[in-house]
Every structure is written in structure tokens, then in C-alpha cells.
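Take a look at this one chain, the form predicted alone, written out in C-alpha cells.
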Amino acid sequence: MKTLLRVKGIVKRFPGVLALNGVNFELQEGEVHTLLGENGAGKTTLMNVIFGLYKPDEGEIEIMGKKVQIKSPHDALKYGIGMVQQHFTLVPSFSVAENVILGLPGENLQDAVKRIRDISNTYGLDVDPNAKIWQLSVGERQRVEIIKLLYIGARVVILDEPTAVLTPQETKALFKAIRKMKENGTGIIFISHKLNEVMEISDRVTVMKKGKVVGTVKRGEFDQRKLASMMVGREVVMEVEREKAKPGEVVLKVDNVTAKSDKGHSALNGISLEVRAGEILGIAGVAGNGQRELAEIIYGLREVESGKVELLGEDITNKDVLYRILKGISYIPQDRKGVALSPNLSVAENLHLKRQTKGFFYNHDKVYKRAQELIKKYNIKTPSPDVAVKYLSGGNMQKVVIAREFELKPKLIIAVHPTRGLDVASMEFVYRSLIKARDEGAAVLLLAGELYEIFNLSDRVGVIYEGEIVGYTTPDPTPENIEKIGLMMAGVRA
């Protein structure tokens, strides 16, 4: 196989941080080469260097054996390198076809529509070329980003955490498209924290740690345990041992609640559930069936049209968010950047935000000192507590959110995809933290996208479909129970 891309001795420095320290990496024609590592290991920084978003301080990049200078994404695309980032770069009011040919001179829209259909059929990337971007699901938008790269003939495709926002069905369709791209000679750099996916799709895996390459292993030479050990430097326990729950009083009661989505459609249709002190109730379901709206009506971010929300017997329906924070509700939202954090504030200030609501006078020295303690306790990788939180990796942003919420010693924790974007060591830490909070008497409502996470943590499992709980089951990962949950996720009532 030909070597499409080779990087040699790449060094990248930021103020106070050596992000990449002599990194070597190569990608061959028709292979999936996965890049693994803890948050802050340098994976995304390396990809940003390859894609021309960052200029390396030292090192070389070769394309098809020829040394090149990549000073911008335009240069990268010229050399056949494309990247689908975690945050998409599409114009919502434009059609799929208009987005695909945006910035390409001399392209005819009708010809583009035909070619996009051909690409969609060839790679199984089902999308309507005439649909507006705002009308598409997250999975469909990702397909558009991939089609954009295939349209310009990219030979190297970088996928940065591509399954983080996908349903299991969409992930399956993506992997089918990746295999087709491989057949046609495209090289794919795949960045993911999900070891089961890495095992399924990878031909080679390169593990990074603290800006250096730990090693590269080929298919057949690795399993999940070995990869986790390479990343963390020790064995990681993903199956969290826990004692049987001892549920106490009802902390949260949602009674026959209805609510609308952002588009004005019915999102919650008479949903009812209870969560008790000292238990974790996991909610399983295909994304878009009311999970987000359920979390928001409990936290006060969305209006309840009818029904009641009670906390420890008190009716808090449509009370404001501050009232609920003071009453002991903590919230780990799906959108950490847009909802959970203030990106321009420092790490220390973000860690302090909810303590300020409880009347603490802001004292920079005390806030800074406490932030240092939490940064160490939660292993948050940041050059300083004074660094703006927007400069942290996605996983470290999530750690800031989790540290702030857990340290409030809440009565109720609403956790929506709490490990999304986290590395295996951080996931292990979050799992243990949720179990610890449960054992200390908190009620935990867990809305996770991965069934293994729900099985691993939950004491009871409820299944949501079209804004209703259609049934409950035990967190038992037997084939029979998984089939039962799958049927309920498709709307078949227990």
C-alpha cells in the first residue's frame, strides 16, 4: 500500500504547554488509522497541524512522499486532506448542494445535485441534496460534511470523534461508508474514545500520551484492555463494582408532564417517573425521543405545559433555575460549551459559578486556591486556573462541569451523556463519582446514549420513546434483555 501522509518530528508549543513533542505518524492508502489518547494527549492538536489550522514549530509533513508546507485549510484541501470536526461548519439556511459547492468556483448547482446523489448512493450517505441544513438531523449534517470532502476528491479524511453525536443506527451507517471509502483507496484518520468502535473499525492504532507517541499496533495485536493500558499506563476498570442500591425517599417525581420542543412540536407526552435517594435511574432511548427536553423541564430550562415536577414532595413546576440550584439540583447537560460553561471565563471562575449563587463573596485568591484543589482532584489538564475554559479540550471542559456539579453535594443529579468526549481514565473516574454520589444519598437521573454505560451504572432502566416511558427493566446485559430494550426503544411497550 502507498503511504498517503507522513508526519515527522512534529513539535507544537503553546504558552506554558508542549502540546506535541516530536510526533511521527503515517497513513496508508485504504486504511483506517485510529488515534487514541487521554484528553490533552495532543490528538486534536496534531490533526489541526495536518489540516493547516496550526503551524508546527518543528517537523515535516509529506504527501505521497513529497514534502509540503500546509499553512491553511485551503492548502490542506489542495493536497487532498479534509477534516470533519466535532463542531460542523455548515450554513443552516443553505441547501446541502449549496453547502457542498460553497467556495468552489465555476460549480453548477444542478450538476452538483446530480453528483451529490451519485456520491450518496456509492457510499451509503443518504441525504437529500435539496434539503436545507437546518432541516437535517445531526447525523445527516455529518454526512454532508463527509460528502463535501468526497466531492473535492479528498484522499485523506480526518474524522474527529465522529460518533459522539450519533445514534447506534447512524454509527452503523457511518462505519459502512468508511469501509466503502477504504475500498476506494481513501485513508481515514479516526479519533475516538470508544474502544469498542476502535476495535471494530481500525486497521492500525497509534496511542498518544502527553504530546508523544506511545506506540502503534496493528489489527490482531491489540484488544480493549491493551489499548486502555497503553493510554493510561495502568489497567483501567470500566466495569465499576458497586454494592446493591438502598433506595430511600422519592427525591424526584415527574407526573404526567407535557412539553414542547424548540420547534414547537410535542416532545414530552405525559411522561411520568420517580427517582429515589441512593439510586441511579438510567433512561435508554434513541436520541431525539425527549431526553433533552426531560432534563430541561426538571432543571427549569424548559416550560412545562401540563403536569407536575416535584422535588422531595415540593411542587417546583416552572420554578426558575436558581431556585432549583439552591434546592440541590445539579445538572450535567449534553451541550457543555453552550449551556454548562461560560467559555470566556477562566477555569477557576467556571468552577466557582454556582457557589456564587449561594451568597459567597468573590475573593480571587480563595477561588484560585479552591480551583487548584479541584483541578488536582478531578485531573483537569490546564496550564493555569486563570486560563479561559474555551481553550481546554472538550474532555477537560466536561471535567470542569462535573467537578463543579459534584462538589455542590446535590440531592439530585441530572447527568446527560456525562462521559461524552472523555477518555477511558476519565470515564472510569466519572463512573466512580456517580456511584459515590449515589452511595452518599443523591438521586441520579442518567440519560446516556450508550447502553453499556446505562447497564454499568443504573440500578433501574427506563426506556423513553416519543416523550413517554414505555417500560422498565433491570440493567441486565443479556441478549434477551438487550432485545427487550431494543423493542421498547422502537416503541413496543413492555
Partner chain sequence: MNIEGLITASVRLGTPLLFATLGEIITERAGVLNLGLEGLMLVGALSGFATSYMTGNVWLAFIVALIAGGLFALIHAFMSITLRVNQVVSGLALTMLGSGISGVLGKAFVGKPAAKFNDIYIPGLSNIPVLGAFFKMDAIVYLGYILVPVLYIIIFKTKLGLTLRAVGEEPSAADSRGINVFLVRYIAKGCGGALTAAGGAYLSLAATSMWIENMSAGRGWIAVALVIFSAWEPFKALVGSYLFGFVMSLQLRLQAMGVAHVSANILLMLPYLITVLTMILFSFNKNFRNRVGAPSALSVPYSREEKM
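What you see is a predicted model, and the numbers here were worked out from it, not measured in a lab. Residue numbers count along the first chain shown, from 1.
As for the form predicted in complex with its partner chain, it is not shown, yet the points below apply to it.
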Heavy atom within 4.5 Å of its partner chain in the model of the complex - the one residue of Lys148, Arg292, Arg404, Arg302 that qualifies: Lys148
Heavy atom within 4.5 Å of its partner chain in the model of the complex: which of Leu312, Leu345, Ala131, Leu102? Leu102
Looking in the model of the complex, any heavy atom of Val91 within 4.5 Å of its partner chain? yes
According to a 4.5 angstroms non-hydrogen atom cut-off, is Ala245 in contact with its partner chain in the model of the complex? no
Is there a heavy atom of Lys67 no more than 4.5 Å from a heavy atom of its partner chain in the model of the complex? no
Tyr391 near its partner chain in the model of the complex, any heavy atom under 4.5 Å? yes
Output flag, Lys12, Gly52 and Glu98 jointly within 4.5 Å of its partner chain in the model of the complex, heavy atom basis: yes
Interface segment, criterion being heavy atoms within 4.5 Å of its partner chain in the model of the complex, picked from 83-91, 409-417, 294-302, 274-282: 83-91
